[in-house]
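This document opens with one chain alone, in structure tokens, the form predicted on its own.
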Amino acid sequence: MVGLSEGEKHFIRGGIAQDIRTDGRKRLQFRALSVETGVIPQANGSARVRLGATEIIASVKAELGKPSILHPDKGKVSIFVDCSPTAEPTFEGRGSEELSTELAVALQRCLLGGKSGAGAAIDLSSLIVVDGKVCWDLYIDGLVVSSDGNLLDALAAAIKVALSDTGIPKVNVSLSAANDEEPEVDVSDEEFLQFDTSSVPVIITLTKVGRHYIVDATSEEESQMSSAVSVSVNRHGQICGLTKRGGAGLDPSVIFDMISVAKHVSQQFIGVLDSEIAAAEAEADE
């Protein structure tokens, strides 16, 4: 919990009302973004993303598994979040567990369309090897290393970058087995297929402070919010998911306006993220 004096609270709210935030940004302006890829060699893909003073490390591990009975033509993706106690004093003990669960559930809704995978922004059908028998299971881990607000957006960005860094081993399948037998698979150690992230969205959280809303809120700004709406948007401007937090209700017209703003801001953020990914990949190739 951020401890602020009444004067500091008034300064934050007054600045947002005048479109001049305490760090000099406008209401719809993100902090500086930096990206590194390949930070965990043992993973199939990994990334470190810094958004201002918020720092996230995301990793992707691919393992062969069996599709579920309900979705025999799709692979599976699981998302886990861990908030390091060193990132924020409130992350110690149960506070960390509750926030980690809340963030993982929000990412699940925004990126995977819920527990069933229906409406997933990540193409689960691309993870199938043999219908009903063999698929890739992706385990995505997000670690909050440093926290200064806007964790959900930063986690989603780190996951998108880590997925762009992910190589799925090429699998050769022997189909000579009978229908009720498990097919023989040979996983290559040398050939990899790059994971397609073109449909993976970013998450834009609009935080309402007073009568206005802002993007990429710091911890101090979040302490003054009445509510927040997080919208996941892909590069085509399509809404992939939405989640709300905070006790204050919002008029439907305000939510529609927030979605419209999120769509506009997302395209700018995706452009910046694409540039950072390209720069990180070029540096890794040198």
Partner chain sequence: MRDLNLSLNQTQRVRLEAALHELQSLVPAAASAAAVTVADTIPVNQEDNILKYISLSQENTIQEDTISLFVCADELVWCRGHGTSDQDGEVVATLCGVVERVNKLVYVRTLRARYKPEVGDIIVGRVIEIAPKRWRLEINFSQDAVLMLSSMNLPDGIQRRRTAVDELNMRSIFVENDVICVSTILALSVEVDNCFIFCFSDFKSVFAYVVVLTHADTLRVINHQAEVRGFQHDGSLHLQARSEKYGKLERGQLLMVPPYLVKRKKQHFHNLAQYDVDLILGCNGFIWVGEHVLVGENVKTTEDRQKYSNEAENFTPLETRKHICRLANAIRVLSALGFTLTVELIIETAEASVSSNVEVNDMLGAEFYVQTAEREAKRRAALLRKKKGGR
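Residue numbers count along the first chain shown, from 1. Computed from a predicted structure; not experimentally measured.
The same protein also has a form predicted together with its partner chain, omitted here; what follows describes it.
In plain terms, the part of the chain that comes close to its partner chain in the model of the complex, with a heavy atom within 4.5 Å, is 22 to 30 out of 22 to 30, 253 to 261, 60 to 68, 38 to 46. Interface membership of Glu6, defined by any non-hydrogen atom within 4.5 Å of its partner chain in the model of the complex, is confirmed. Its partner chain is not drawn, but in the model of the complex it has no heavy atom within 4.5 Å of Glu281.
In the model of the complex, none of the heavy atoms of Arg235 sits within 4.5 Å of a heavy atom of its partner chain. When its partner chain is considered in the model of the complex, Gly271 lies well away from it, no heavy atom lying within 4.5 Å. Of all the residues from 9 to 26, those having a non-hydrogen atom no more than 4.5 Å from its partner chain in the model of the complex are His10, Phe11, Arg13, Gly14, Gly15, Ala17, Gln18, Ile20, Arg21, Thr22, Asp23, Gly24, Arg25.
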